[in-house]
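Here we start with a single chain on its own, the form predicted on its own, put down as structure tokens.
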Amino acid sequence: MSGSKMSAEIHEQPEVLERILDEGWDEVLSASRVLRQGDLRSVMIAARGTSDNAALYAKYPFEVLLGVPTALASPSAFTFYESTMNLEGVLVVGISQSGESQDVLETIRRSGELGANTLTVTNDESSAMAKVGQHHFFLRAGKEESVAATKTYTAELMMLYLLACALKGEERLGHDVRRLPELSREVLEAEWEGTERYRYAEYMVVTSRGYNLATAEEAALKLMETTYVVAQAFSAADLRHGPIAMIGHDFPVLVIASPGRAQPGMRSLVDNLRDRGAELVVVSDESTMLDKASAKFPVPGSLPEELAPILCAIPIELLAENLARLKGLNPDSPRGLSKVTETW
């Protein structure tokens, strides 16, 4: 482990996940019992930055496991354009590590006025957002000092997954979700192979599909903010619909391909990218894809697809921190960024 705060916080994630399971589940159950009494016709989630990628993840358990249409909010609809949309029967969720994102805060406040049920997820119980929603979930991640969010991201994923389970009517934590702290420790004991060759990389495409599309977006964000690599995330399906034309010999592509329904298509995409001469960076449980990569990180293959993004986030955080140091950069203090970014 390096001496960066980012690395230290990455390695705190098993304990954070344990705290959420031990202390946060009752909080989620209590709120969901109230929310289930009403007519939940849709969910809208407001967030920025890393939290926006957690929101993208939440679309999948809410729509697939819970069967409720879910959208990502446009905060400017409330702040710039003063929308008066009908939000009866809508659960509006605001996610913010600091709890001080002003446009997300205003989205929650206005949504409550427009008839929505409101819920906030933050890492600060005394924050403005913790007080504005009808319900609040505390991430219990401890202070996060590195500008690049790591442990709060996986904490958000865990909370949002638990919320979907509780809204579905589950009253007890399942065996698979209880294994996450242990499996995250296993992931942290593994290491990247072959990343040194990317210390001079200036651009990279990141791709996945389904539940891990959020992981691809988060990987691109982490690479941009800590290593200054120009990184663009694509759904594997969207990548095939045109952008793949730019990928040729030695073009670096980060592929996230954990088990589940999306994996066969990811396997086919890896073969296609290899035929094009791409430099493959692969996070997967499957040896056939890992063996085709110039850099690789193995992840456990024993979890349901909906929980895999919590584990797959860890390798991409480690990659960003590692590449930043290889490039001679400080991953804790990206240029021009601060821990709390205020937008309106």
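Throughout, we count residues from 1 along the sequence that is shown. Everything quoted here is computed from the prediction, not taken from an experiment.
Note that the form predicted together with another copy of the chain isn't included here; everything after this is about it.
> So in the model of the complex, is another copy of the chain close enough to A190 to count as touching (4.5 Å, heavy atoms)?
Looking in the model of the complex, residue contacts with another copy of the chain do not include A190, since no heavy atom lies within 4.5 Å.
> I'd like to know whether D39 contacts another copy of the chain in the model of the complex, with contact meaning heavy atoms within 4.5 angstroms.
D39: contacts another copy of the chain in the model of the complex.
> Could you confirm whether E106 comes within 4.5 Å of another copy of the chain in the model of the complex, counting heavy atoms only?
Contact with another copy of the chain, no.
> Hey, in the model of the complex, does L29 get a heavy atom within 4.5 angstroms of another copy of the chain?
Outside the cut-off, so no.
> Within 4.5 Å of another copy of the chain in the model of the complex - does that hold for a heavy atom of every one of T152, L157 and D285?
Checked in the model of the complex: no contact with another copy of the chain for any of the three.
> So which stretch, 197 to 205, 170 to 178, 124 to 132, 138 to 146, is the one near another copy of the chain in the model of the complex (non-hydrogen atoms, 4.5 Å)?
Of the stretches listed, the one contacting the partner is 197 to 205.
> Can you name the residues of 234 to 271 that have a heavy atom within 4.5 Å of another copy of the chain in the model of the complex?
Counting only heavy atoms within 4.5 Å of another copy of the chain in the model of the complex, the contacting residues of 234 to 271 are F234, S235, A236, A237, D238, R240, H241, G242, P243, I244, A245, M246, I247, G248, F251, R261, A262, G265, M266.
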